[in-house]
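Take a look at this single chain, the form predicted on its own, given in structure tokens.
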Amino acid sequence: MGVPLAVQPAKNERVLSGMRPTGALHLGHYHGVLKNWLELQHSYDCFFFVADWHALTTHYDETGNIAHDSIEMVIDWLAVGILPGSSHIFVQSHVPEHAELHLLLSMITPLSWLERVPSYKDQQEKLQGKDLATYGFLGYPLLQSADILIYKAGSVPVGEDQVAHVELTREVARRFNFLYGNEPDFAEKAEAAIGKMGKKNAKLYRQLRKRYTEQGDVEAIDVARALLEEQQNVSLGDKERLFGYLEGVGKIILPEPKALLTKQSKMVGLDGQKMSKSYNNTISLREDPDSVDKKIRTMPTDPARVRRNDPGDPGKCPVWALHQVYSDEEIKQKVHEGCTTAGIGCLDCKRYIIDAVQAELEPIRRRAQEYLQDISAVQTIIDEGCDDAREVARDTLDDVRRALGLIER
């Protein structure tokens, strides 16, 4: 697969992201995903969803806590500052259109495309104790594609390990548009849509289209797409025609999303490995203050520093990795010098981290407690988010059904 370019989404563009409900969220989730959501929600049309169906792909025999964990995860989102007024928060299984689009896309997706997704074999190796020879596990990347395409999301925030899933989604959308994007009088309808752009913009669109179709100028098509996004007098249906007309194909029914690469989290676990519940090295977002204090105080340090007056090597100490996340340059310099000269002890070094983590978690714990005391308000937020999501999803599914001939065109 080719790797899509990582781009910044256009203003007001729709962004989609989700998380599996697998228990209490921790600082790794906060620094790796949620802080990025906090930035996106104020500039883009964000849809954030609880991927409860995806939890079934690897934990199909452990379903007892999915509903409870879903509510708990939404509380964590709200507590860190994800705002229902600035984003749409919903649960995947409450929007059945995801499942229907997944089914319809499965009719056209080659088996080999799913088998070559890198995570298919990687997850089988990592979870050897699980029987993952299931249709659901093989098809979960396509369910991810349906999650994205049902909202016609322009950008999907992902880490490097998820880029292949976005590329699969692009290929599926491309194949669908190629098979079903033809409509009667397409060129005539596209030309009529150009006329709605105004003389100046119409002329520029035609020039850019010519540069791309006749000269292969890729930059021209990017400029033309941006031009279309800005048009206020062109309907969504006409925009989809004009996107397709740019590339010499039919109507774009399912737009191809772009991978929005997120910064790799520097958050490490208490043992220096990646923070993960499977490693039992996490600090949860609602961790009790005394527990936070104890966990950090008992963190391993440079094994060569046995006595207080032994100099240490910060590069061999997991606590130093946390300083990269929580400490400013002045503190890092002070800690580095104190460690390498034995000027400070390990508990002195850890105190900076304890104070920083406690300060970060205190407002999160407080807001979470407020939501825990009013679960009905949390459920209302989810219900309203599901209503918003279903409204968009139904429109997309109508377009898909019409293209497939399942309803009258």
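Start at 1 and count along the sequence shown; that's the residue number. In this text the structure is predicted, and so the values were computed from the model without any measurement.
Here the subject shifts to the form predicted together with a small molecule, a form of this protein not shown in this document.
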Choose one stretch from 356-364, 51-59, 66-74, 38-46: the one whose residues place a heavy atom within 4.5 angstroms of the small molecule in the predicted complex.
51-59
Taking heavy atoms and a 4.5 Å cut-off, does V156 contact the small molecule in the predicted complex?
yes
Is Q144 one of the residues lying within 4.5 Å of the small molecule in the predicted complex, judged by heavy atom distances?
yes
How about L16: is it within 4.5 Å of the small molecule in the predicted complex, going by heavy atoms?
yes
Heavy atom to heavy atom, is N281 within 4.5 Å of the small molecule in the predicted complex?
no
Taking R20, Y140 and I148 as the candidate spot, are all three within 4.5 angstroms of the small molecule in the predicted complex by heavy atoms?
yes
Heavy atom within 4.5 Å of the small molecule in the predicted complex: which of T262, Q162, N201, S106 fits that? Just give me the one.
Q162
